[in-house]
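Just one chain follows, in the form predicted on its own, and it is written as structure tokens.
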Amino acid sequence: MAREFQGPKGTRDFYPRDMALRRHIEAAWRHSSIVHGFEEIDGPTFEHLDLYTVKSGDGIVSELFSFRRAGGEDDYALRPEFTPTLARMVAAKAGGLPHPIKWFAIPSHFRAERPQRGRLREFLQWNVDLLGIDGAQAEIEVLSTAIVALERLGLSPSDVRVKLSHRGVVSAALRSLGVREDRMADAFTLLDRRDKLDAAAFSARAAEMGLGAGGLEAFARVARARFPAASAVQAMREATGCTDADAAPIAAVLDGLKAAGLDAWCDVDLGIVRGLAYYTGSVFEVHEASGGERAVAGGGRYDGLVEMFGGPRTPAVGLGMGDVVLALVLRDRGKLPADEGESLLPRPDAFFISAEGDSSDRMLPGLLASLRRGGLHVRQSYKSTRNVGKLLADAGKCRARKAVILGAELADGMVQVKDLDRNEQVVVALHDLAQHLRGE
């Protein structure tokens, strides 16, 4: 008996319209990457499991699709993120790579997590990484690349916000509140989970760090501290007591974004610390403005990762933007076509209709082949009917620009060409057809 199969839970099937929407997002990512001087790379879909555990510890294994080849001895995992692959690639050829290294990738990733809104087990992620620059220029270029892509997709600062922070600044603020160095990692974990905990649970976790009542109140204030870019540095000093030297890393990034005309997109949010331990300085996330979705993107500075994989000291800043949450935001904000992607499908230059029996049927394959080899997108009817009206309706359904009717005029080397946008019809010589379809 025949069996019915469904796609694995947490994955997607991309039908033509779905694929058109996906390519629409990828096109914005790729365009912004290229105009900002990034070059495209890719790596294997799976890596040695150690590549992930050496960075994140053995606890990450439960989040991965890991496997061992039958009869083999090595453990592998489908890639959950791209940064370890990139760091491995840089470490392998660090001496021969031009600096700075500006790379981007748009690969599939896999995580063995419970699927939910905004989180799937297989997803696309745009990765933008700049390696070899110590100063704030690296953060500014990576963030600029992300913002320009969002802008190209129709989003504005009223739709999404870029939230900036710095782990060094947050550490200084927490130390001033009395958080001990041996509890700093716990404090960062709590900050990272602030939006997932209610006020009572947050306070209980913070109390475990030994802070007094005043310290707890100040800790909660730091966790919720959000400032618009224009007034962020002064407001941050007042809210946390940090010095000008403490605030300097964020101030440098904000100054660069202002010079680039992008500061209207940005806020400082000291509760953003990013959970991954390899971040060493600036961290940032992109969120839907109302806060109703998961982060659209996230990243930061990870200066020690290439060395962890055997390479030389290499300062680095990177960002990852997934397609799942981004598509939700675009749809909710009305930035995707109302026809769910049909208008994004490629439009044929011409749709061919055979209306003159065997003579046109015999000529059609060679004619189509010649036009396609010349770079034209042409389709044909596969129906047996000679009802031109029905076939013209099919041409319209596939959004062809013109319909070419092989009729009685074919005996004289002529065809009828109907412009489906203007509803105008002319007779064109076969030897001029390609030029006519190109609009020359």
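Whichever C-alpha set is largest while still superposing within 1.5 Å between the two forms counts as the rigid core. Computed from a predicted model, the values in this text were never measured in an experiment. We number the residues from 1 along the sequence you see.
Absent from the display: the form predicted together with the RNA. The rest refers to it.
Contact annotation: of the candidates Arg114, Arg313, Arg362, Lys93, the single residue with a non-hydrogen atom within 4.5 angstroms of the RNA in the model of the complex is Arg114. For the residues Arg379, His48, His31, Lys390, the 4.5 Å heavy atom test against the RNA in the model of the complex is passed only by Lys390. Remark: Leu420 counts among the residues lining the RNA in the model of the complex, judged by a heavy atom distance of 4.5 Å or less. Using a 4.5 Å cutoff between non-hydrogen atoms, Pro80 counts as a contact of the RNA in the model of the complex. Within this chain, Leu410 is remote from the site of the RNA in the model of the complex, having no heavy atom within 4.5 Å. Remark: Trp265 does not count among the residues lining the RNA in the model of the complex, judged by a heavy atom distance of 4.5 Å or less. Shown alone, this chain has one stretch from 173-181, 144-152, 93-101, 193-201 that lies within 4.5 Å of the RNA in the model of the complex by heavy atoms: 193-201. For the candidate spot formed by Phe67, Gly366 and Leu437, no residue has a non-hydrogen atom within 4.5 angstroms of the RNA in the model of the complex. Residues from 292-319 that approach the RNA in the model of the complex with a non-hydrogen atom within 4.5 Å are limited to Arg294. Put the two forms on the same core and the Cα of Lys196 is off by 2 Å or more between this form and the one not shown. Annotation for Glu285: C-alpha shift under 2 angstroms between this form and the one not shown, rigid core superposed.
In the core-superposed comparison between this form and the one not shown, Glu141 has its Cα shifted by less than 2 Å.
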